[in-house]
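Starting off, we have a lone chain in the form predicted alone, written out as structure tokens.
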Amino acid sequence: MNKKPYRGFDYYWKRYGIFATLLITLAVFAILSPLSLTPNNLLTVLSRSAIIGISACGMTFAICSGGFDLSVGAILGLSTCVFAANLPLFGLLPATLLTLLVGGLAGMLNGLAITKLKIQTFVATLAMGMIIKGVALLYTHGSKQMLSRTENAEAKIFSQNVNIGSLQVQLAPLLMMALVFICGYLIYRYTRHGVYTRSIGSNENAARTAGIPVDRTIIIVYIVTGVTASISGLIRASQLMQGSAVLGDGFELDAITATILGGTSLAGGKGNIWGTFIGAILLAMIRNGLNMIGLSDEYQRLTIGLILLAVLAISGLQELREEKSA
């Protein structure tokens, strides 16, 4: 009779660690602030998680490929400016398509800098983020692009409140996030692009030797991160009814944090799309709960940083044990 293999902490943490962290967070806030677990507030948390989650889904592919994108915050800021400036001139659909095109173009430039100019990912995306923010400031002359709530009411389509019985929810961000993650999972799990991305992240040289189109795959990866950042920008511009170059400041760290919390390995080659989804919800839950108990942004960043450090420490110890047992 065959014995079942021993499954210790490492096995269960990899599969259920992010869910356990979310449940612990829910339990803590249930004690500290019971109002944070009301249905309306939980729906608010889900809606707020969409901005981080959508961009983090794209970031999952970037990190899985062995890189990351530090320009997504700047792309989000530029996207809000493009949308807010062009909506009154051309209408909703052209402004939306132009915003997504700008995000895709910015991502393509990142990919070209990394693959053709052979610039390290950190330097390429950091520099591109600075350039994109500069472009956004020049485009808006350093001022906010305000949208009129009466004349440009169609802008609220990406954040309109919908009543479901006694509950109120911003339904569009949730639907957009669900669509992005479903598409992201199917691409990651069942397409050549997903296989190529994982292979490049595991060993880029071996991937080139095997005939995988490494440069093309990486360019596509960064186009995806640019487009998903632009989608997040559309939602933020719709919620605030304005565009500004500074709206994405620090956003790239939130997207990377949600991805790492979800179980995607910083070493590359291993991604977790649905883990990223839960990671985005976890971040939104922490920020919302700390707001409700009256703690400022500094404490929010401290708490998220400590949680991220703990997750990275556990993952690092797991990798060390795997190396020793190999």
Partner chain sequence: MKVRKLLVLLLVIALAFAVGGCGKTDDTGESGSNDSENTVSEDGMTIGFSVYDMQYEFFQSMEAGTKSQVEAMGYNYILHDQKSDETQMVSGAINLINQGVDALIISPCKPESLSSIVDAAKAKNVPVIVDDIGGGGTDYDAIVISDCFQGGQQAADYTVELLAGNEGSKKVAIIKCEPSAVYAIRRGEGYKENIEKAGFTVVKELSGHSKSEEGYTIMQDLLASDPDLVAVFAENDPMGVGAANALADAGRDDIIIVGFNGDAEAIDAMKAGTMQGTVAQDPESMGKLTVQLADTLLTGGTLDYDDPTTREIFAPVNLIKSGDVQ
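Given the structure is predicted, the values throughout are model-derived calculations rather than measurements. Residue numbers count along the first chain shown, from 1.
What comes next is about the form predicted together with its partner chain, which is not displayed.
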Just one of 179, 117, 164, 157 has a heavy atom within 4.5 Å of its partner chain in the model of the complex. Which one?
117
The listed residue (266, 295, 46, 26) that reaches within 4.5 Å of its partner chain in the model of the complex by any heavy atom is 295
In the model of the complex, does every one of 144, 246 and 287 come within 4.5 Å of its partner chain, counting any heavy atom?
yes
Looking at 82-90, 231-239, 98-106, 189-197, which stretch has residues with any non-hydrogen atom within 4.5 Å of its partner chain in the model of the complex?
231-239
Decide whether residue 35 counts as a contact residue for its partner chain in the model of the complex under a heavy atom distance cut-off of 4.5 Å.
yes
At the 4.5 Å heavy atom threshold, is residue 170 in contact with its partner chain in the model of the complex?
yes
Using the partner position in the model of the complex, report whether residue 301 sits within 4.5 Å of its partner chain, counting heavy atoms only.
yes
Please check if residue 216 has a heavy atom lying within 4.5 Å of any heavy atom of its partner chain in the model of the complex.
no
